[in-house]
Structure formats: C-alpha cells, structure tokens
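Presented as structure tokens, the chain that follows is alone, the form predicted on its own.
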Amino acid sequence: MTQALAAKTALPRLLEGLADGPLVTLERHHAVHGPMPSPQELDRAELVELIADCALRGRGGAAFPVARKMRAVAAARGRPILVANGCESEPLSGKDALLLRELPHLVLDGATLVARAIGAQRVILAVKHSAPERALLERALAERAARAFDDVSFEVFAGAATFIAGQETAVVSQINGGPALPTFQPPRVSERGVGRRPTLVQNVETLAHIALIARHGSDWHNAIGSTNEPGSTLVTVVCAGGTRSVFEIAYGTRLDDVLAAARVDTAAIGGLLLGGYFGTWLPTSVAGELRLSHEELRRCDASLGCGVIAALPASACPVAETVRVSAYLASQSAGQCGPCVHGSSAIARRLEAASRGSAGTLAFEDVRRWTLEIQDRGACHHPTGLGRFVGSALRTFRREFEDHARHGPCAACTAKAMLT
C-alpha cells in the first residue's frame, strides 16, 4: 500500500473536514476533497467498473448493487434521468439531511459523475418540501452554475413529507405530477420513470460515496470494511430522549463499538432497534458480538436498512414504543392495497388493546400470524416493514408484552415517547 493510499484509508471519509465546519462552499469542498475528475480523466465505462469493483450497494435501505442498477438504466431505451433521493422519510434517520446541509457539493459531484456515466443530461434533486436543506442545496447549485461547473442540468424538487413519500416509485410519481404514493410495478422506474423515461433513483449518500470513489479508486475504497462488504457507511444513532448523532463506520464494525462512540452505556439500555421503523428489535446482549454487515445481520433477521441504530433506555417501555410506532405506520398506509390497509390497522389495534390488558395474551398469536400474512403483499414494502418491526418486538420483548396483557400498562408507559 502506498503512503498516499494509507493516508486515505482512515475514517472519516465522507465526513472528512466537518470538524472545522460545514463544507458548503466549493472552495472548502475542494480544499478537503480535491477537484472532481473530468470526463477525460474518468470516462463513463471506467466509473461503472470502479463502482462494481467496490461492490457498492445503495444506502437508501434496500442495499441494491449500484453498478447493476446503473447498467440497467443506461441500457434502457431513451435518454435517462437521474433522481438524487434526499427525501429521507424515515423519522429516526438524520444522515441524508446532514449530507445535504453540510456536504452538498459531495452529493452534487456524485450526481454529476453518475449522470455522465448513464448518459443523463437532467438531474432532479428530491427533498422534502419542509426541509431546511433545500435552500442550502439551491445556494450550492447557484455557486456551481456561476462557475459553469457542471455539464448536466440540475433542478430541486420539493416532495411530500409523509413516511411512504420517499419510496422511489412514490418520488417518481410526485415528480410526474401524481400523488405521493408508491406505484405498482412493472414497469420499473429504470424502464419508465420520470416523463416515461428510464430513471435512476439513487440515495444521496450513495452519490457521495461515488464522488470519493471516482477521486481515489477502488483500492482506496476497499481498504476498509470486510472482503465481502468493503467501505464505510453512515449510521444515525438515536439515544435517550431521541437525541441523534451521525457516525461514519467501516462495514464489519462491532455494534458495541458504535454505541461506545455515541457514549451509550449498554448496561442502561433495554433493547436495540436496527434499521428504523422498518427495522428489527434485538436484545441488548447481542451488542458485544454483532458486527454491522449485511451478511451477519441477516443471521439475526435484521439489516442496517437506512442506517438507524436506536438504543432504547432500560427505563423506557418497549411495549409502549412498539404500539406508538405501529399505530403511526398503520396511519401512513397508502390505502392502495387490502393487506396493508386492513392488516396494518388490525395489527395496530390489537397490539394497543393487548397493551392495555383488554385483549388477553392470545391476542399476540393473532398479531404474529397477521405479521406473516401481510409480508410482500402490495405495491411497496410498507406491510413487510411493519410486520418485521412488530414481529421482532414480540420476540425480543415477549415477557413485557405478556405482562401488559395480564396487568395493563406499566408506569413507564406514560413517559415521553423516544421513537415517535
């Protein structure tokens, strides 16, 4: 390994330079990360190969291989469009907002490079209409336009702030003038998306990684993480009181090391939620042995999803938190698919009744069965995510749920909600 490469393998990567303040100007951005490669220095085929060599997966939650997605869009009929998805509709996540707020040029560099690689001339930056990052993003675009910095056209689209509005087909639907609802597939948006053109939707963190891969190469990217899952990723750690901190970690990092960095005392927490509202509850005992990689988390029926790690204090009631989130998710159903409309609301109602002690312990058998019956049914993954969240809560907090069913709410149920 060369000295120059070794100097770049340490963390942070994406978050480099933020200790001295946000990189919101091109001058600060270039001082830390250097200039973006020109088309002469890195052609479109070379970038896709680099991304494939890095085994880069999307950071929006689905973890789909990025190079495969890019090749599919580039091969489709018609001039493609790139959508940079920064809607971040997961309530517990804060990583995308951080990137747009403090590192906008890293995202814009990645978007420019990906647009070139797939042959797109138009890039749409999708954010929530209420996001304060929108103004900062527009300011960054104005600075780049004044210098004729990009060879693609950018526009900012303000979307809805509902939970399902950030799903890729829902984002495309809104850009096309439709409702903020997921659409049934096929056709996939990669074949017929914005304006019926092939459309690549990529999370903004994914684009930021690509901006650095284009600068430093696959050897640099693969120098940290594991052999099967190289590189780094951003995680949002949610602690007592709902406070959130964003960290950059290498894949394969132990969960307890991440919690220690966030100053979370594992002896004082009662459970861990990985992946956010569509995630999986796990007992605190796994923190010392579990490594944060897709492969290892699959063994626990879990995933990092959008990168959320929530540490529930031992003083909080996991039953109350689960009931609140399941009710919220039921309220966020698109209302398009029967299993989701009826199943999610039935699950939320039965959980709430059982938590009050008015439904009996057998109610949980109904809920367990329903969480399985709604899996993978509908236009999007909303029922699947709800089922995963609730099903894992029933496994991890079995005694607490049974105690509530027999005796009603506990003293901690009235505490301020942490997850909602």
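Residue indices: 1-based, along the sequence shown. Just so it is clear, the structure is predicted and the values come from calculations on it, not from any experiment.
Separately, the form predicted together with a small molecule exists; it is not shown, and the next lines address it.
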So, a 4.5 angstroms cut-off on heavy atom distances: do all three of W281, T284 and R368 pass it with respect to the small molecule in the predicted bound form?
no
I'd like to know whether F247 contacts the small molecule in the predicted bound form, with contact meaning heavy atoms within 4.5 angstroms.
no
How about F163 - does it come within 4.5 Å of the small molecule in the predicted bound form, if we only consider non-hydrogen atoms?
yes
Taking the small molecule as it sits in the predicted bound form, is V32 in contact with it (heavy atom to heavy atom, 4.5 Å or less)?
no
The small molecule contact in the predicted bound form: G387, any heavy atom under 4.5 Å:
no
Which of V201, L273, V107, V114 has a heavy atom within 4.5 Å of the small molecule in the predicted bound form?
V201
Considering the small molecule in the predicted bound form, which of A311, I347, V323, C87 comes within 4.5 Å of it through any heavy atom?
C87
Looking at 263 to 271, 117 to 125, 139 to 147, 79 to 87, which stretch has residues with any non-hydrogen atom within 4.5 Å of the small molecule in the predicted bound form?
79 to 87
